[in-house]
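In the form predicted on its own, a lone chain appears below as structure tokens.
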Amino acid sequence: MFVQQLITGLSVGSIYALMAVGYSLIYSLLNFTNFAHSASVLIGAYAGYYYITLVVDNPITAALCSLVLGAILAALIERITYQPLLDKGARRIYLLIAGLGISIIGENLIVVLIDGRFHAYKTALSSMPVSIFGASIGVIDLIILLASAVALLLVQFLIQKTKVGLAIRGAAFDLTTASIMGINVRRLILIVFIIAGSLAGLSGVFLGIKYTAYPTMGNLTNKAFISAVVGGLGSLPGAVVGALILGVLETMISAYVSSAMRNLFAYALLIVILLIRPWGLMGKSMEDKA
């Protein structure tokens, strides 16, 4: 029972990690929380659902489709909404408010253009079990865990070992100085949004396969935000650690205490972290940001 819950918790945590890394990437560069992130998660979930339902039952290609559409949507949001505000020198709080508006618009567009019902993925992997140490583990949990780990390692490699990653790290330290040194900041911001959007789209299809696709599922990005805060906003390793901690603890609470306590625990953890260590487990103390 414990092994089963642990694997399930790591699987859920890895989905949170995909979203939380996107939050942290954008925060480290622009110092604001991108609540429009949920729109990329939403389009990823629905794209994966319709791909598997109407095209072919292949979660791998469905995930790639969701990844691409999540990246495209994030790029459009950055160019149409955030970039004009940045060009006008708007305060970061206005970017946060715009992101909240986009999130709500995305939910309502799904209801208007599709419907407000729950859509279960019709894939054989959802019910396929495998035995590990006597525990029955869903194959989909193992696939999600593995695929998320690969995606996060690729992002880490990009950030640490490439010229683009070097530019992102430099801009995260000081965006103005990076611009003076010749870095194309506008293009760099777009690249960061594309990376974050692709991870969000991927997390959306995983959430859809594991649970269902529905208009308000973007609210689950709140858990990713909590993960990023627990780990330390702006810290990519911290976002991953915070997500895994939250995923495992939530699953254990649901299994051994009550599923009704799951959300209560998550938000209580957020408040405790903000009271005790507001910069997170692996973050650095910084001035107030949006």
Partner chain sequence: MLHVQKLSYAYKKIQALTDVSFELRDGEIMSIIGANGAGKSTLMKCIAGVLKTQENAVQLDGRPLARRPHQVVQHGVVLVPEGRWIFPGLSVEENLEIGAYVVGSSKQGKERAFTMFPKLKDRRRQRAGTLSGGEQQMLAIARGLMSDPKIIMLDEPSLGLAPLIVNDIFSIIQQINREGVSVLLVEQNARKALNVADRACVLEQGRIVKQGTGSELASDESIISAYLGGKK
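Everything numeric here is computed off the predicted structure, so don't read it as measured data. Numbering follows the first chain given and starts at 1.
The same protein has a further form, the form predicted together with the partner chain, not shown here; the description that follows concerns it.
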| query | finding |
| --- | --- |
| Listed residue that, although the partner chain is not shown, lies within 4.5 Å of it in the predicted complex (heavy atoms), from N108, T81, T212, S179 | S179 |
| Proximity to the partner chain in the predicted complex (heavy atom, within 4.5 Å), stretch among 171 to 179, 142 to 150, 68 to 76, 202 to 210 | 171 to 179 |
| Q156, heavy atom within 4.5 angstroms of the partner chain in the predicted complex | no |
| K122, heavy atom within 4.5 angstroms of the partner chain in the predicted complex | no |
| Interface membership of K163, the partner chain in the predicted complex, 4.5 Å heavy atom rule | yes |
| Proximity of N184 to the partner chain in the predicted complex, heavy atoms at 4.5 Å | yes |
